[in-house]
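Just the one chain here, the form predicted on its own, laid out as structure tokens.
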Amino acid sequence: MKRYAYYPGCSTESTAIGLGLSIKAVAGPLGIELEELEDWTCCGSVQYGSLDELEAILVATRNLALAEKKGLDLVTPCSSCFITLTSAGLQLRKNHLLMSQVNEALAVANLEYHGNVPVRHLTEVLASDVTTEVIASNVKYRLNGLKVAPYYGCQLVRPDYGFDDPDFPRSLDRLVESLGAEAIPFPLKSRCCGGTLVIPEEDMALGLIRKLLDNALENGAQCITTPCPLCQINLDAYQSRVNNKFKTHYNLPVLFITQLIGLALGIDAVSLGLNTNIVSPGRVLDDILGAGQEASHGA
């Protein structure tokens, strides 16, 4: 088993329950042991940093200090948490005065950070550590015939923080292909979904979401997959608002990559949290999974 310190992030217990459930469901079968940080807190988020940068870095570093005590790589499934934690670590390693200030505050909680925690996104761990070959070897029901739009979002592959090409990423595509599905061409795969703009600037965000849905559908997608909880909820939950605003008729399922992997591994839908998705993936996946099961039994 490959062991990691695990930082779930707030979304996996609130707006992205399906992500949290599906990660737990696929970890064991893929040989991953995720040791959740005890008493972890919010990462500080990008928005917090715009109000008080020092406090935001301190909040993030508290989690890094907890992870450092484990002596393991810190893995998170949330793209925003990945950026926040990675950025905090980089700034601390470059700025000794900042490190001193942060450690002075952490001392109140009997914590100290030395800058030795690699922060990694779960997508990288799946693609690089577990590997697509191992994932493919564990597939029970190949998703043959399923056309998937791999959506990275803008944070996962940002320069300096990301682990993939920011303009032409392929890690998510390879994961999709390891399941037997087709990763369709998706030119907007790393464009922004609008993020939290959907709250203060809803019209702008809905326009961005529409462009992504259009781009996926015009390239033949039957569903979208993403590792990012914020991207997933924007593309999934706000389709009805996009339809109301633009008089469109989108009904495109948006699955977490761990949900898609879990289906191919033969894990049941409830364990993967598919019942928490807004746009039901049932109509798209029933025929694909049925065909995959028949092929597997025939083999």
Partner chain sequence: MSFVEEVAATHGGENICACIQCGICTGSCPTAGEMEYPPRKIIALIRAGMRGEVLSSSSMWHCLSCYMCTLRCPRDVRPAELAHALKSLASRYNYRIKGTRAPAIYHSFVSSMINNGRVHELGMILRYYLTTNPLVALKIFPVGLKLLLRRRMPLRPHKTSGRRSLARMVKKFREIRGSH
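Predicted, not measured: the structure shown is a model, and the values here were computed from it. Residue numbers count along the first chain shown, from 1.
The protein also exists as the form predicted in complex with the partner chain; that form is not presented, and the subsequent description refers to it.
Per the 4.5 Å heavy atom criterion, the partner chain in the predicted complex is contacted by stretch 203-211, the sole one of 203-211, 126-134, 68-76, 177-185.
Although the partner is absent here, residue 221 is not a contact residue: none of its heavy atoms lies within 4.5 angstroms of the partner chain in the predicted complex. Among heavy atoms of residue 40, some come within 4.5 Å of the partner chain in the predicted complex.
Mapping the unseen interface onto this chain, residue 287 falls outside it, with no heavy atom inside 4.5 Å of the partner chain in the predicted complex. Within this chain, residue 59 lines the site of the partner chain in the predicted complex, having a heavy atom no more than 4.5 Å away.
Contacts between 263-281 and the partner chain, taken as any heavy atom within 4.5 Å in the predicted complex, involve 275, 276, 277, 278. With a change of no less than 3 Å, the CA-CA distance between residue 79 and residue 162 is larger in the predicted complex than in the form shown.
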